[in-house]
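Have a look below at one chain only, the form predicted on its own, in structure tokens format.
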């Protein structure tokens, strides 16, 4: 009898770890979210988090992924490169299999090194600096498009649509803004435009009078600002306050309503913005459903393309897990590189990714801000 009891006890000792292992495997799928929830970029970060949370809740309500719930771990990097590294390490320590973020390229760059070393799948919704995917990180992807493509689009828009000749380019020395400025300058000169003014602002400054005075006296046909919306709004406001006549064009970090709130509608009207299509102008069933669901949940339409791109990043992770039946980051990355084609995405069909993790099938368009402070798709666009 004692021998039988000992055998049963021994069997239980063997079985319990197996059962525990099964329980761990059936636990939640952990996904990290790194965004600026405070600071100059909080408007974008908070909207992006709303989008991700919306899809996570819908996914869990439908039974999760592979029968497992999704749990997100959210960290605020305030858009700061220094904080970004700390945030990335926290998410690695939390045991996430994938990370969505960061918003700005300057924060994404240091985090990407940490996620790469940890072997985690890393998808940025909005960091467009070209150099981010030139580091050879095999598990780094983006659902947004590259700055060199936006630079070409901006140069062609200025030449073909606006018909300008003598232009200025202004950036803020950040990874994203300086890269976009350099690409735009190169393409503009290749197209025969004269870049008569090229300089940078300090984004910590609040008074841009000196550089605006220089721009106003340079006899420029247009100026392309490649920085972020907080500074873009101040540039527009102070241009109006100084009584200067400057035709501003701004890059895709200025494509949200806060730009207009900071500038004032009267100062923002007539400004052009180059960007990926805004949510209201993506006419696919997936996009319409996302917009409708967002409005039903939060009582407002998604105003920024980056909110939509954040939803897309989660959508891609979910799709990869469902298709591979795996949560192994290496398996997911390999699938995205070699097999994921023509995904019915929220931001339009995702053709796929190249070997560096850059999304194929670039789409940029130009908007103009009207007298009501609305972003209106401009009726003329440059040639493809």
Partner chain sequence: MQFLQQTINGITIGSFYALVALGYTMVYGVLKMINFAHGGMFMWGAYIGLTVTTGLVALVGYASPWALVPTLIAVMVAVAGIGVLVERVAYRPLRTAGRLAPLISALGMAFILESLARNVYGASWKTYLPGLVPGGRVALLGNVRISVMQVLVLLVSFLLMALLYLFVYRTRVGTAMRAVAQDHEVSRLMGIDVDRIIATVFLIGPGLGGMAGLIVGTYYGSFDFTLGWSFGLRAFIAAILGGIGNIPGAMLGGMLLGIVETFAAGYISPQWKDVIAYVILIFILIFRPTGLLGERVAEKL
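Positions refer to the first chain, counted from 1. The structure displayed is predicted, hence computed values, not measured ones.
What comes next is about the form predicted together with the partner chain, which is not displayed.
S.K.: Would the partner chain in the predicted bound form be within 4.5 angstroms of a non-hydrogen atom of every residue among 72, 286 and 351?
M.R.: No residue of the spot touches the partner chain in the predicted bound form.
S.K.: Counting any non-hydrogen atom inside 4.5 Å, which residue from 258, 148, 276, 109 sits next to the partner chain in the predicted bound form?
M.R.: It is 258.
S.K.: Pick from 324, 59, 38, 53: which residue has any heavy atom within 4.5 angstroms of the partner chain in the predicted bound form?
M.R.: Selected residue: 38.
S.K.: Based on heavy atom distances of at most 4.5 Å to the partner chain in the predicted bound form, which listed stretch, 229-237, 309-317, 159-167, 123-131, is the contact stretch?
M.R.: Among the listed stretches, the partner-contacting one is 229-237.
S.K.: With the partner left out here, check for me: in the predicted bound form, does some heavy atom of residue 214 sit within 4.5 Å of the partner chain?
M.R.: Because a heavy atom of residue 214 falls inside 4.5 Å of the partner chain in the predicted bound form, the answer is yes.
S.K.: Is there a heavy atom of residue 210 lying 4.5 Å or less from a heavy atom of the partner chain in the predicted bound form?
M.R.: Residue-level check for residue 210: yes, a contact with the partner chain.
S.K.: I'd like to know whether residue 296 contacts the partner chain in the predicted bound form, with contact meaning heavy atoms within 4.5 angstroms.
M.R.: So residue 296 does not count as contacting the partner chain.
S.K.: With the cut-off set at 4.5 Å between non-hydrogen atoms, does residue 241 touch the partner chain in the predicted bound form?
M.R.: Looking in the predicted bound form, residue contacts with the partner chain include residue 241, since a heavy atom lies within 4.5 Å.
S.K.: Any residue of 188-203 with a heavy atom within 4.5 Å of the partner chain in the predicted bound form counts; write them all down in order.
M.R.: Going through 188-203 in order - heavy atoms within 4.5 Å of the partner chain in the predicted bound form - the hits are 199, 200, 201, 202.
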